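The chain below stands alone, shown as structure tokens; this is the form predicted alone.
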């Protein structure tokens, strides 16, 4: 057993923050949380890891990011979505046909994720099977867990990045067969978005999801131009979400990124099907897509998580994605003269941690009986405050200010992978 001592801070539910000053987490031999203790017991037969006055918090879950876009962070931020894809994205992703290049990039990405405190991901790869397998290998090597998808796209992908319908089917099956060797990273079906997939491919993916019990991730109602394009391609569908639904891809635990322009009917469809929204505030602002109505979604009971959406989003560190979501909600707060209340730090942190971990079956912050996912934050590296701070104030400051230098240790799936 192991005993982790420190100040415990976690968000078990939306809007709630639990703090245990100088508490402890008791882990079993497999790294699962056995108990949350108000104080470390005397004479406990466990290996003690004493983090002193540091904060022990649940790690982050990034529920939407594009791994092959990592090399283009910070590029093309003045372009709308479709032009950005055609100018930068497809050419960058095409490079991942080169497996040596993929290995170099993905090894660095995996390290960047885990040292920044992100231990779970729901991630897009490119359409390249071998590069996708390399990505999964590097995530496992670094200690990042979660789901990765080989992207499917058999139309509207430019001249440099394309696969035929038959290639897409064949390579998807080859990829799925290879995925059996991974312990901590699982496959997820990934039609890039409706305009990039023919009806034949979408229908085949829907049948495959049923046959193999696979989850699905894609994009939804991100941008006005995109929505209009989807309407042209599928005139029989009144709304974007129906283009997934008619092929069996609108299903429990699907993850749909953005949902900036999801109206009441589309939000009801999200709620009814238990589809999770990956809110990507930074990307939506960078590409001028808009600000998603997150407060409305939460009020209606829609499942909301957070995603960095690199490289539309220029920030990989999830604590900064959390604070960006707060700032975006303040834009709507100002635009509605206070009608749409902005997100609190507790709420936004919940969305960036617990809400995402829940998608993987781990709800409540430090769920007992499940492997630990946590970060240890040394807020003593920040500038000395003028007075003693409460744990809640230290938590808020850490969410806004932490960087890799402040993260002393990272635990993923019950294993200490950093520190």
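Fair warning: this is a prediction, and the values are worked out from it, not measured in the lab. Numbering follows the first chain given and starts at 1.
Beyond what is shown, the protein has a form predicted in complex with another copy of the chain; the following relates to that form.
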query	finding
Heavy atom within 4.5 Å of another copy of the chain in the predicted bound form - residue from 295, 320, 267, 215	320
Listed residue (82, 176, 77, 233) with a non-hydrogen atom within 4.5 angstroms of another copy of the chain in the predicted bound form	77
4.5 angstroms heavy atom contact with another copy of the chain in the predicted bound form for residue 92	yes
Another copy of the chain contact at residue 358 in the predicted bound form, heavy atom, 4.5 Å	no
Non-hydrogen atom contact residue 383 with another copy of the chain in the predicted bound form at 4.5 angstroms	yes
In the predicted bound form, residue 286 touching another copy of the chain (heavy atom, 4.5 Å)	yes
Three-residue site 1, 110 and 140 fully in contact with another copy of the chain in the predicted bound form at 4.5 Å by heavy atom	no
Interface stretch in the predicted bound form with another copy of the chain - options 141-149, 236-244, 116-124, 337-345, non-hydrogen atom within 4.5 Å	337-345
Residues within stretch 293-318 having a non-hydrogen atom within 4.5 Å of another copy of the chain in the predicted bound form	314, 315
